[in-house]
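Next up is one chain by itself, shown in structure tokens, the form predicted on its own.
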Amino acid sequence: MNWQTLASALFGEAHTIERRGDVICGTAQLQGQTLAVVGTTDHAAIGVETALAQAKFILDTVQNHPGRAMLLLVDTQGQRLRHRDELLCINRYMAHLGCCVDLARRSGHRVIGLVYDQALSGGFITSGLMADSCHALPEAEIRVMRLPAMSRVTKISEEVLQALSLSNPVFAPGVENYVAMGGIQSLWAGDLQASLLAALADANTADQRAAMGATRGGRKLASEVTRRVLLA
């Protein structure tokens, strides 16, 4: 689903969302409340400019519209792999974006993430996964690291990782596996506006991902390990 179709499904004509390069941003009206909407499109590779543009929109919302709910729309292939971006410390800019989302949450803004197309690597970690809750469309594609890259990092053969991915969601891409692990709270199908309203109405802003992963069987130890660390 492209962002224009998504915006229409969520808000009808009651929005000012527009595209600026790979960034989409604007405001929308939903049952009497105004939402700030920001994200990326066309499988954007998150470079310095893209990260800063999203961060600026979020900071402007925090400064000028206290308490306004935010919707983060995710469609990214991850960080841009260019020498220029590495020299400019893309890791710091992406961390800055994540910190801005965290600041918005701590400042009383309800922040909802929605993966509507593709979510890969750091571009997903510093946006949708920083929200109060992150949701996805059923046809979305989600993975943080491809198995060949995971093999190089972990020094485990790709064949072994491929076998593990058949039974363990931690090693497998796909939106269903991220639901099982708790990274995606729910899939939105059918009435997308109703799904967004339900997410905004959920008053629980605590991080429930580890607990959901344990309940759903996708991450069986994270919640218990976290509990033991906190008690230590």
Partner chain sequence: MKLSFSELSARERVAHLLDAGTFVEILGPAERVVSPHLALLGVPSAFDDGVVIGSGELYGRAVLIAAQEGEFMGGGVGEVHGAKLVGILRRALIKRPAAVLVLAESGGVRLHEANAGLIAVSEVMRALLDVRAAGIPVVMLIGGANGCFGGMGLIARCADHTVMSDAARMSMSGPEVIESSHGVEEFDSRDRALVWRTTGGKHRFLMGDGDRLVEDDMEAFRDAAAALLGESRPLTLEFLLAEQALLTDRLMRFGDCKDAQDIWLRLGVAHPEQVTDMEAAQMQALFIPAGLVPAAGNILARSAPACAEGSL
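Positions refer to the first chain, counted from 1. Superpose the two forms; the largest set of C-alphas matching within 1.5 Å is the rigid core. Source: prediction; values computed, not measured.
Although not depicted, the form predicted together with its partner chain is the subject of the following passage.
Participant: Quick one: which of 178-186, 195-203, 36-44, 23-31 gets within 4.5 Å of its partner chain in the predicted bound form, going by heavy atoms?
Facilitator: Careful reading of the contacts points to 178-186.
Participant: Could you confirm whether A9 comes within 4.5 Å of its partner chain in the predicted bound form, counting heavy atoms only?
Facilitator: Judged by the heavy-atom cut-off of 4.5 Å, A9 is well away from its partner chain in the predicted bound form.
Participant: Quick one: does E159 come within 4.5 Å of its partner chain in the predicted bound form, counting heavy atoms only?
Facilitator: The answer is no: E159 has no heavy atom within 4.5 Å of its partner chain.
Participant: Answer for M150 alone: is it within 4.5 Å of its partner chain in the predicted bound form, judged on heavy atom distances?
Facilitator: Judged by the heavy-atom cut-off of 4.5 Å, M150 is in contact with its partner chain in the predicted bound form.
Participant: Check whether K56 has any heavy atom within 4.5 Å of a heavy atom of its partner chain in the predicted bound form, and answer yes or no.
Facilitator: The answer is yes: K56 has a heavy atom within 4.5 Å of its partner chain.
Participant: Given a 4.5 Å distance limit between heavy atoms, list every residue of 117-135 close to its partner chain in the predicted bound form, or none if there are none.
Facilitator: Result: S121, G122, F124, I125, T126, L129, M130, A131, D132.
Participant: Inspect the rigid-core superposition and answer whether the C-alpha of R84 shifts by 2 angstroms or more between the shown form and the other one.
Facilitator: Where the cores coincide, R84 shows only a C-alpha shift between the shown form and the other one that is less than 2 Å.
Participant: Aligning on the core only, does the CA of M130 end up 2 angstroms or more away between the shown form and the other one?
Facilitator: No.
Participant: Does A95 move its CA by 2 angstroms or more between the shown form and the other one when the core is aligned?
Facilitator: No, because once the rigid core is superposed, the C-alpha of A95 moves less than 2 Å between the shown form and the other one.
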